[in-house]
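The form predicted alone is given below as one chain in structure tokens.
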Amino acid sequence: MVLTLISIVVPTLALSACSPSNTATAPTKPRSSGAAVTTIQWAAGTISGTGLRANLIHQFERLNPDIKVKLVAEANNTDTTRAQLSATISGGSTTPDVYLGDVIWPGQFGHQHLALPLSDYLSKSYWNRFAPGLVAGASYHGKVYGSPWFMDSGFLYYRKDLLARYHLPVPTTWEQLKSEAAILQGRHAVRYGFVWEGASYEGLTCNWMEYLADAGGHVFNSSGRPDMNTPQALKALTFMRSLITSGVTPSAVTTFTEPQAMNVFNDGQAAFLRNWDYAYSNSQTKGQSTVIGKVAVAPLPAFAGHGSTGFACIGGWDMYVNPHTQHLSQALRFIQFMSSLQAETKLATIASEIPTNYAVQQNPEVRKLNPVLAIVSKTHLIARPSQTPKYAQVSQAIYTNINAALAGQVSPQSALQQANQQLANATSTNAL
């Protein structure tokens, strides 16, 4: 999944939203430079190609002259980075001291002792600065392993020109979206009503979590047992399949990843799109979109009777600490700074990433930057079931069976039964 937006470079903004739990950890004035200087390594991939990493390192070092930060470039491929870090840290390396990692890593990295349980070292009040839902997604067995840094989530993109032309409101329920999509198809305004990510891959797990949570379902119950063979899950999957059988969604959606769904929408062939935060900027880019100026964004819908805003799956990246680091206090100072008001504001304004600091999300000046940042605080977040070292098998059990049902290869009921059994097999030797 693509996790970055097209960059917007603007001056650093004044913060108008601040509370005691969101005050910056880093001091407003530089520390004394009399202490010996310690160098720590931070491994991180490129952030939107904006020079953000160097900018933040410079500010941190100015505020903390006793610490130097050496940037180590990570691969811009999640699986490659995970494999490299796993090999390095499991071999006992003391560096990198801090590293950037996917939000779905806490289970594996916590279980394999590849990351420090940060909640053992940082106060409870520290975690109050983050937007609701993010800390739970960074936890494993009751401990928090990742300090959220920037987030991603699903959004509903729609053709505002078409809704205005045919006097249709922005849909707030899935049923309403399906109905309006059919109306627009019937008026020959678009070829397809609604496109999304339905291929047999991780992106479908993300889509599934949104429908499942909207229906009131869960992948695992409170005791950690598989819980997908339920009426709630059946409701969610039956509706997803109905989008295809009704013709609102093309049958080819079962092969769509993010780029395919995005391309159909950018070509003007669909009225609605589910995609990640970068999709708005993508749809407004000359040379790759025919719908520039015609697109707006809203929170994902909910099922009727379940409120007016649905759940959005969490994506993004967290800051982790190497359990073998020889510079723990310095590493902790660095990650606290990176989630501070100053750093998170730079993240939003320089790179146009979604900040995890809730006060920054609420800042009116940040929200003015683009339509996605304007509504991100309205979304209800749902984490993938990654609080297990066997998450790769868990996700595969989800997306392969959901995809089979969407493609009409098996019934929704059979798909859920099979998924539940595979979830049980995947987690049988590892308590969640």
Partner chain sequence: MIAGYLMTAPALIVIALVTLFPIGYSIWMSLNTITSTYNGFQFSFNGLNNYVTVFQNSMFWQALWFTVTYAAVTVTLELVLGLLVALALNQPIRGRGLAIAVMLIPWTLITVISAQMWDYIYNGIYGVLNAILMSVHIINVPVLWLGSPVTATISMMVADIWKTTPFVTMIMLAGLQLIPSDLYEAAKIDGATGWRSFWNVTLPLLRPSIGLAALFRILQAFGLFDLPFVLTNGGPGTSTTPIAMLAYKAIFNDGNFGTGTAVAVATVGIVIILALLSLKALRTQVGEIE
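For clarity, every value in this text was computed on a predicted model and none was experimentally measured. Residue numbers count along the first chain shown, from 1. Take the two forms, superpose them, and find the largest set of C-alpha atoms that agree within 1.5 Å; that set is the rigid core.
Below: the form predicted together with the partner chain, not depicted.
Proximity to the partner chain in the predicted bound form, taken as a non-hydrogen atom within 4.5 angstroms, holds for one residue of His324, Arg333, Lys178, Arg241, which is His324. Here is the short version: of Pro171, Pro117, Pro226, Pro299, the single residue with a heavy atom within 4.5 Å of the partner chain in the predicted bound form is Pro117. Residue heavy atoms within 4.5 Å of the partner chain in the predicted bound form occur in exactly one stretch of 58-66, 401-409, 36-44, 373-381, and that stretch is 401-409. Remark: none of the three candidate residues (Arg53, Gly101 and Lys235) comes within 4.5 Å of the partner chain in the predicted bound form, counting heavy atoms only. Taking the partner from elsewhere, Gly107 is found to have every heavy atom lying beyond 4.5 Å of the partner chain in the predicted bound form. Under a 4.5 angstroms non-hydrogen atom cutoff, the partner chain in the predicted bound form lacks Arg159 among its neighbouring residues. Proximity of Leu369 to the partner chain in the predicted bound form: non-hydrogen atoms within 4.5 Å are absent; the residue sits far from the partner. Looking at Ala83, you'd find a heavy atom of it within 4.5 angstroms of the partner chain in the predicted bound form.
Although the partner chain is not shown here, in the predicted bound form the stretch 183-216 places heavy atoms of Arg191, Tyr192, Ser200, Tyr201 within 4.5 Å of it, in sequence order. Core-aligned CA deviation for Leu114 between this form and the one not shown: 2 Å or greater. Annotation for Lys143: C-alpha shift of 2 angstroms or more between this form and the one not shown, rigid core superposed. In comparison with the shown form, the Cα-Cα distance of Ser200 and Asn77 decreases by at least 3 angstroms in the predicted bound form. Cα-Cα spacing of Leu156 to Thr78 is reduced in the predicted bound form versus the present form (difference of at least 3 Å).
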